[in-house]
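What follows is one chain in structure tokens, specifically the form predicted alone.
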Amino acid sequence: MKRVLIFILALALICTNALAAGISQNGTSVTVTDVPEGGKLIIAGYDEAGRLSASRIYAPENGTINAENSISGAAKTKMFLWDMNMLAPIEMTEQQPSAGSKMLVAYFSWTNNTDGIANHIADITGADKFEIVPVEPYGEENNNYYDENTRAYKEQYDNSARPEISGTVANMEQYDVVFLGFPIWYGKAPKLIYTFLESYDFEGKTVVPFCTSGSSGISTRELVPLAPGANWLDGRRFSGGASRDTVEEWVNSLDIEIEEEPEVTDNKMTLTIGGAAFTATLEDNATAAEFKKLLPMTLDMSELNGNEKYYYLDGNLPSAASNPGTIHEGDIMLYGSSCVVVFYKTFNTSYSYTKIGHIDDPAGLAAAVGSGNVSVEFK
């Protein structure tokens, strides 16, 4: 099986496919939507030497795959979406941002060092992540740093070089702050970063560069003209093994505002779905009061009917069910005496429920919960 997987992953580097699916990622949580029939997501883990060490395969449910892009003990992970019937890759062309997020960590990592720093920043700030992946991967020959025949050397000394990037960031306009990470190659950012900067409009955005290097410092002199209108903050160089505490100290020193979760009052609670937080107002009834006593809790909610997510509690709650006539997007209901339901669409119903509460502003709720099962934190 391992040999077959290695063959598949190697083939992914040279094949293309007309099919495409959307991908979103927050921290290590990954959601892939519009997965064609026969499609499966492969998460491959690599050790420090770049050798395949472990793998996981996820199958879609109703065209959606929810997975964790993390493997214990792996120095780096990669994702591959494959048509297992045709043995061909399915392109994941877009990264759909988490609802409500205003920060993005965009980074290129070749030897895993920058990837580690990017993960720390995303974890600290709650930002979305986008890995800048070249269509044509860089080979191991680029380790020969002073070999003028390597691709990396030629690109770095070619002012016109713009390597092609696989995938795009969807809705880039929603981001106010973009952390931009890269290794230092021949004293400057790889030309892949030039391609990224020239691919989007950074007008009015704050760009925060960071790099990994053994000794070379960070310079944005050649990058700033590629994103006219952006507000560039001073960059920071990290060693490849920089700790989370070191990265957090730097992030906290920046002149940026990290969005905090909404304040919760006595009749409020917060639902966190992926990277999106929604404030809800609880009803003034016995059901809501008993439900609140269970908080905080995280429920792995199942999909039903294309309009709701539900979960059966271990115990019963007091109920006084009635037919509301119309279910509204953002309603949080109790069905029977133990089934908690979060509705993400408005529709008419003939069923009876006891109302627990309602999400104050459900904008982005449908996108956050997606079309499959989803983990929802109530607190």
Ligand SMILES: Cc1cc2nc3c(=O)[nH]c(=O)nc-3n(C[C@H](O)[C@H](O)[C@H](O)COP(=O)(O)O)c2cc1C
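No experiment lies behind these values; they were computed from the predicted model shown. Note that residue numbering begins at 1 and tracks the sequence as displayed.
The same protein has a further form, the form predicted together with the named molecule, not shown here; the description that follows concerns it.
query = Does each of Ser109, Asn112 and Tyr186 have at least one heavy atom within 4.5 Å of the named molecule in the predicted complex?
reply = All three within 4.5 Å in the predicted complex.
task = Classify Ser302 as contacting or not contacting the named molecule in the predicted complex by the rule of any non-hydrogen atom within 4.5 angstroms, answering yes or no.
result = Residue-level check for Ser302: no, no contact with the named molecule.
ask   = Do Ala152 and the named molecule come within 4.5 Å of each other in the predicted complex, heavy atoms counted?
value = Although the named molecule is absent here, Ala152 would touch it in the predicted complex, with heavy atoms inside 4.5 Å.
query = Asn252: heavy atom within 4.5 Å of the named molecule in the predicted complex?
reply = No, no contact at 4.5 Å.
query = Contact between Thr206 and the named molecule in the predicted complex at 4.5 Å, heavy atoms?
reply = Answer no; every heavy atom of Thr206 is more than 4.5 Å from the named molecule in the predicted complex.
query = Heavy atoms within 4.5 Å of the named molecule in the predicted complex: which of the stretches 213-221, 277-285, 197-205, 120-128 has them?
reply = Selected range: 213-221.
task = Could you tell me which one of Thr168, Gln174, Asn142, Thr246 places a heavy atom within 4.5 Å of the named molecule in the predicted complex?
result = Result of the distance check: Asn142.
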